[in-house]
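Next comes just one chain, in structure tokens: the form predicted on its own.
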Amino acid sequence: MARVVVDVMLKPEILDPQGQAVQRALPRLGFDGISDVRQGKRFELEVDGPVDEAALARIHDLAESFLANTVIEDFTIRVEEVAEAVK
């Protein structure tokens, strides 16, 4: 079993009001030195079977058509191996 992670972020040219609100609050909370904050979404997909080129192509189609609004968002896909729990 593998985990495929899809990270979705607003494109750099798109205003991020939530990220700006967090960035403005940080100095008041004692966190200085942060010049920018961008907020995004993370999707973790547990995949049965091998994550081959065909599976990644299907996940790319899923991300492009359902998880991200590609007019205003970019996405990246990466594979993380899932360690099985020992019983």
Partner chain sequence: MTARIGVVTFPGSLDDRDTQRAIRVAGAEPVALWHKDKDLKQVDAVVLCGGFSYGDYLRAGAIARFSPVMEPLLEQAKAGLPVLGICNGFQILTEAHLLPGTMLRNDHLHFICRDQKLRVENAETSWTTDYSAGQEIHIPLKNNDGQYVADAYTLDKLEAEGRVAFRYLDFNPNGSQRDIAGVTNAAGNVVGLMPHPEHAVEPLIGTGRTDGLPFFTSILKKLVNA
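Residue numbers count along the first chain shown, from 1. What you are looking at is a predicted structure, and each value in this text was computed from that prediction instead of being measured.
There is another form of this protein, the form predicted together with the partner chain, and it is not shown here; the text below is about that form.
So in the predicted bound form, does D74 come within 4.5 Å of the partner chain, heavy atom to heavy atom? Close contact is absent here: in the predicted bound form, D74 is far from the partner chain, nothing within 4.5 Å, heavy atoms only.
Is R58 near the partner chain? Define near as a heavy atom within 4.5 Å, in the predicted bound form. Answer no; every heavy atom of R58 is more than 4.5 Å from the partner chain in the predicted bound form.
So in the predicted bound form, does any heavy atom of R38 sit within 4.5 Å of the partner chain? R38: no, not in contact with the partner chain in the predicted bound form.
The partner chain contact in the predicted bound form: P12, any heavy atom under 4.5 Å: No, P12 sits far enough from the partner chain in the predicted bound form that none of its heavy atoms falls within 4.5 Å.
Contacts with the partner chain in the predicted bound form, stretch 15 to 49 (heavy atom within 4.5 Å): Heavy-atom contacts within 4.5 Å come from L15, P17, Q18, A21, K41, F43.
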